[in-house]
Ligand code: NAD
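Here's a solo chain for you in structure tokens, the form predicted on its own.
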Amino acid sequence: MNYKNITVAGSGVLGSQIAYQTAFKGFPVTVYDINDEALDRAKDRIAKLMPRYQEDLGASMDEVEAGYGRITYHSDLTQAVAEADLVIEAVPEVVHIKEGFYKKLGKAAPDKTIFATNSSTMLPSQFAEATGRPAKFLALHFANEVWKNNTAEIMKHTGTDEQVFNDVIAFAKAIGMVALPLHKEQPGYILNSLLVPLLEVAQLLLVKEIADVETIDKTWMVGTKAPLGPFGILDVVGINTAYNIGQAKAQVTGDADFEKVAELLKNDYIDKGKLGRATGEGFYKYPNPTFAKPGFLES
């Protein structure tokens, strides 16, 4: 593995985390997004990660500031990838957005550049042709709060070059991840094959009015001793991501209940700016959500 310059395309919740984790581990990182407004939000989002690294990892002020200093920002794609050895794509979970991005990226990036998608629900084979370099394309999927939940699922498609696969595994380890190789394509990889059904069923229980958010979370937390319930997890993942996944599921299956889920997320949360933990409110209000208050699991 000889990666030196990394570009992260998409500066949302997870894209910002990937960028900062990579920079924190010593790599020069370029963050790309579609306009300067998005990049300004990214700078603020990344700055807010610094105290989390100090609190959770015991990092020094010098270390977190050095990581922040290794990041540059571009809204011009050609400039953003000019020196890139690896581009990690973290754009929205919408097929046509990803396809359009890869067609532009394939033309803009140098021949040497490897492409990796961080998609949590889509397969690399869906976009391999659009990249123009299928042998140099695969999936590299991170969990939210990457500095603590440091899984990296590396999944190849049938056309991925084996050396590229091995190099991305080595890169994942170099940025402090536990590398988890997947040798065949699997929708949802390992983590989301386990997690997404839980989150989907929780949302269906809500829209069917079986129980409210807190009762559903309390049931899971008491029954499994998990630190978060499904709606607490969704606040970490981000309501926009949950909406995109729910809307795609509704379109594919035609299931009216998933249409209700997407409608609920849009009308009651996204349209009101309640996008999850990153904005201070989603299903819960932060920094003091009710599920973290004394007695929540006992009453």
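Computed from a prediction, not measured in an experiment: that's the story for all the values here. Position 1 is the first residue in the sequence shown; the rest follow in order. Rigid core here is just the name for the largest C-alpha set that superposes within 1.5 Å across the two forms.
What comes next is about the form predicted in complex with the ligand, which is not displayed.
- At a distance threshold of 4.5 angstroms between non-hydrogen atoms, residue 144 is in contact with the ligand in the predicted bound form.
- In the predicted bound form, at least one heavy atom of residue 12 sits within 4.5 Å of the ligand.
- Proximity of residue 33 to the ligand in the predicted bound form falls within the 4.5 Å heavy atom cutoff.
- Although the partner is absent from this view, residue 98 contacts the ligand in the predicted bound form, with a non-hydrogen atom inside 4.5 angstroms.
- The partner is absent here, but in the predicted bound form a heavy atom of 92, alone among 197, 187, 159, 92, sits within 4.5 Å of the ligand.
- The single contact residue among 38, 264, 66, 57, judged by any heavy atom lying within 4.5 Å of the ligand in the predicted bound form, is 38.
- The partner is not drawn, yet in the predicted bound form one stretch among 118-126, 105-113, 213-221, 166-174 has residues with heavy atoms inside 4.5 Å of the ligand: 118-126.
- Annotation for residue 42: C-alpha shift under 2 angstroms between the shown form and the other one, rigid core superposed.
- In a rigid-core overlay of the protein, residue 192 has its C-alpha displaced by at least 2 Å between the shown form and the other one.
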